[in-house]
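Just one chain is shown here, as structure tokens, and it is the form predicted alone.
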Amino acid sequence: MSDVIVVGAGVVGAACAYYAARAGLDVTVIDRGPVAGGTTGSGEGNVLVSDKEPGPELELAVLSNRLWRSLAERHGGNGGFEFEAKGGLVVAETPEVQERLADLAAEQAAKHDVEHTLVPAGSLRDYEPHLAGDLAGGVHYPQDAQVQPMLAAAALLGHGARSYGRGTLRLRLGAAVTGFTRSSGRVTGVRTTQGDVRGGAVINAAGTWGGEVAALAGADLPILPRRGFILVTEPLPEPLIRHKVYTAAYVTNVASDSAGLETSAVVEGTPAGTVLIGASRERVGFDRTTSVPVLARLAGQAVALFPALREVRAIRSYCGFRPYCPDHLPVIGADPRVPGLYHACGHEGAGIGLAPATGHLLAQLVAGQEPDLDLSPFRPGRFSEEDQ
């Protein structure tokens, strides 16, 4: 019997398992597929503070940013997951948009100590020499970073499995959760296609499928898939792009409630020499059909931002499903409707960036400690409260 069962071997589940093991708990991670086989494997690896409005999610992101850096240092400089403290550059096409970006950055700094530098139009190419010349300015965020998400999930599980203190970490892959076991109304484990697994607590870190796992326990979580495509270029012999670069429209799209298609230019390089191009958002269920018009729009937006990309070939594309919550906040904490059940899902496109803070805070909660941050904005019962 484990102290904690984590459902989901993506980066959020891996972080929950890692920090729980470090806290001295015995952990079993269960997933119906491989490590990082869901949304994590389709992500860009963003570790961002720049794209979040002041409030609880940005507070979570600042903590998580510090934890990612600590993890990288603790485990060999880049953590074994290609941690890059590359910084982010948000650019504006018009003076009006630049003014709004400056106001947002000032508020982020005042309320959450987010570091930033306002960049006038004439200085943009000091940061990115290949940027288009018709932009009105930007904001540089040195805290923004990037990881390789599949490596990150695997590394966290591997590091956690080496045992810290009394804790241990075990993996059970290829086991789909089909239900929960209970005693006196409290969750005591999960039923799987490979048999029952007993545990003192269960953490639902099933990402886009977090609502389905919650439903097996009789709890409602309104998590929906929000599809996004990414284009990948051929490897370039020399780095073309230094930072994560995106237009101000990306911030607006992240906060949008629209189910329809929205795209904004997001461009960054990788250690392998490829360039990743996004980002699109649309709610179409779990439809994985490749949309050539969406990919064409992403390519056009990227070329408008970096004209040199016109001569670069795209070699593949892929899509993933962000776990979307109606209020754009993740679900983190104990479920008041189901004793023994905790949730760590609904992070939408920020799950990779927010994973360490989510895991750290939940491990504190499960271990009976006071979490470092107030988790009430992320409480699982908030959606049913609105119906009362």
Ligand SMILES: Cc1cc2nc3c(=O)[nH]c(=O)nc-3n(C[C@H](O)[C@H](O)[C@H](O)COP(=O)(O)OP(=O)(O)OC[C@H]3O[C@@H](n4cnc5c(N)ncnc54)[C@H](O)[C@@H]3O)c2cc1C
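Start at 1 with the first residue shown and count on from there. Keep in mind that this is a model prediction, so the values were computed, not measured.
The same protein has a further form, the form predicted together with this ligand, not shown here; the description that follows concerns it.
*Asks:* Could you tell me if G88 has a non-hydrogen atom within 4.5 Å of this ligand in the predicted bound form?
*Replies:* The answer is no: G88 has no heavy atom within 4.5 Å of this ligand.
*Asks:* Wondering, does A205 line up within 4.5 Å of this ligand in the predicted bound form on heavy atoms?
*Replies:* Heavy-atom contact with this ligand at 4.5 Å: present for A205.
*Asks:* With the partner left out here, check for me: in the predicted bound form, does some heavy atom of S50 sit within 4.5 Å of this ligand?
*Replies:* It does not: once this ligand is placed as it appears in the predicted bound form, S50 has no heavy atom within 4.5 Å of it.
*Asks:* Residue-level question: is V139 within 4.5 Å of this ligand in the predicted bound form, judged on heavy atoms?
*Replies:* No, no contact at 4.5 Å.
*Asks:* If we take heavy atoms and a 4.5 Å cut-off, which stretch out of 59-67, 38-46, 359-367, 325-333 is in contact with this ligand in the predicted bound form?
*Replies:* Of the options given, it is 38-46.
*Asks:* Using a 4.5 Å cut-off on heavy atoms, which residues of 339-359 contact this ligand in the predicted bound form?
*Replies:* In sequence order, H347, E348, G349, A350, G351, I352, G353 come within 4.5 Å of the partner.
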